[in-house]
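This document opens with one chain alone, in structure tokens, the form predicted alone.
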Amino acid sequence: MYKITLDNAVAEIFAQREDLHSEIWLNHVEFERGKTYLIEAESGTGKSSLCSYLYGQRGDYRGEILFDNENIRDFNTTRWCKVRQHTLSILFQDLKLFGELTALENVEIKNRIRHTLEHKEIVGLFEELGIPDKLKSRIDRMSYGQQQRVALIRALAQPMDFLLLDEPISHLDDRNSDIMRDIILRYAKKNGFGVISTSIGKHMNIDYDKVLKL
């Protein structure tokens, strides 16, 4: 996939609002593979809803969302499974990790689908992110910031054309935020995928190709 397009799309809950001032809702917006985007938003403006629409989890919006000119409303379950395995990866705001599994198991459960990362590469990412001692720790016994770093590794454990990041550094200090940024940009350059990140304040220090106000 080379392009994601929003054409006059808007969350149903905002459809009747006359005071809506957004560079995304009710506009024509294009996200291109290989580029980096930041979506800045205030709380309650539909940031996570937008991510859910793009990932096919919700459909309570008006207008059109297109993947390479195909309307995603026409995608069936099989098509969405393929999109999520090959085309689109996401780091959810609420992470959606399995608390009863270890950090490594949370990554491996996804990596086994496409075998995208070698085991030594996964271990190397844990080391780079400062959590090498957490490989065999249960997720529900780790801090939220540590879990965010595990969620990033899991998000990278698949082929993709776009990586969605919903407030990826909300619980990280500046040093770890910069480490996460460097890893994301390194993999984006290596594999050519686009990055769409959201923020309600704190965001990665990147020279984004485009910044949009939600």
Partner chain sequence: MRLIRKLLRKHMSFVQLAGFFLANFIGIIIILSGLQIYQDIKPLLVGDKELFSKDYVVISKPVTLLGDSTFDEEEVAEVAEQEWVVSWGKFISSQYRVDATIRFGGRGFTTHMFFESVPDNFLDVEPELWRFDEQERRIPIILPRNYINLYNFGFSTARGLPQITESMMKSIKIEVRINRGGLNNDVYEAEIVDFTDDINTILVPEAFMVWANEHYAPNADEKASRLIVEVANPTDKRITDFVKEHKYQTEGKEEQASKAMFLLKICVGVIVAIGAIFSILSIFILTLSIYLLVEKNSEKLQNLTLIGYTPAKVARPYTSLAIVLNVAIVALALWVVGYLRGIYTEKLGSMFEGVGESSMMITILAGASIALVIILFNAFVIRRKINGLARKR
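On a predicted model such as this, the values are computed, not experimentally measured, just so you know. Positions refer to the first chain, counted from 1.
Keep in mind the form predicted together with its partner chain is missing from the figure; the text below concerns it.
Figure note: of the listed segments 185 to 193, 167 to 175, 50 to 58, 31 to 39, the one touching its partner chain in the predicted complex, with heavy atoms no more than 4.5 Å away, is 50 to 58. Screening 129, 142, 101, 123 for any heavy atom within 4.5 Å of its partner chain in the predicted complex leaves a single hit, 101. With the partner omitted from this view, the residue of 85, 116, 137, 93 that lies near its partner chain in the predicted complex is 85 [heavy atom within 4.5 Å].
Residues 109, 110, 112, 113 of 109 to 124 are found to place at least one heavy atom within 4.5 Å of its partner chain in the predicted complex.
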